[in-house]
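Quick heads-up: the structure tokens below are two forms of one chain, split into structure 1 and structure 2.
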Structure 1
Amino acid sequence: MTHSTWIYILIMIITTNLIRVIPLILIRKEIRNRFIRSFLYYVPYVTLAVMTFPAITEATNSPLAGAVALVTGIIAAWAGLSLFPVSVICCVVVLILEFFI
């Protein structure tokens, strides 16, 4: 490794907190630009989706278990369950399935 893990972490801390703080210091008015507002609106969902699949199938010992956890998680969240229960359900699905696979 040519890079230092501590420097990675420091850059992450500074950048992430600057993002949080800059609007509170600078932006006093509403963002009017429709494209920027729309872009910023979609970004969180697209990022999380891109990072979830296919990575979830690679995180588990069996790719199939990860895929089933994804589908079960989507159904659970669609049914209105919140963050914590959805996470638990995904874990349980993998735990059970990997007993059989």
Structure 2
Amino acid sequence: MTHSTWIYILIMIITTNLIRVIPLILIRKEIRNRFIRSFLYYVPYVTLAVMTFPAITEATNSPLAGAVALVTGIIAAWAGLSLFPVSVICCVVVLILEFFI
């Protein structure tokens, strides 16, 4: 059993390093294509959204509380608040709504 665990760890090390090394090997000069540059710019935001949005509704006892916190967070972010105040506001909204729903 221990032997297979080390094989799995080795495969993960190789996989994660290949993901980081292949772009460095294949792309040597600056990317000038507008589409690719814009795609690469938005990839971190899309990844964060894909991981965060399902958790917003599933992490609470009531999906409605998560949805209201999401809308509140969007409004707070549009108002210019930074990440920490937005997350605190969303947590407080969920906490309050969990008591009433």
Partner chain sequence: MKNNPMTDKTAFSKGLTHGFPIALGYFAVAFSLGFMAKKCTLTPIQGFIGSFFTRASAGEYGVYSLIVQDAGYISVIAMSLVTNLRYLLMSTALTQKFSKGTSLFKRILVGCCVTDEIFGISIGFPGELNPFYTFGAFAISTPFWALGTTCGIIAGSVLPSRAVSALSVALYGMFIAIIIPPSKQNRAVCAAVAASFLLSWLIRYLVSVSQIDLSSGTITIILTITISAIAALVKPIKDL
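Small disclaimer: the values here were computed from a predicted structure and weren't measured. Rigid core: the largest C-alpha set superposing within 1.5 Å between the two forms. Structure 1's sequence is the ruler for residue numbers, which start at 1.
Working note: structure 2 is the copy from the form predicted on its own; the remaining copy is not. Annotation for Thr47: C-alpha shift under 2 angstroms between structures 1 and 2, rigid core superposed.
A displacement of 2 angstroms or greater separates the C-alpha positions of Thr16 between structures 1 and 2, with the rigid core held in common.
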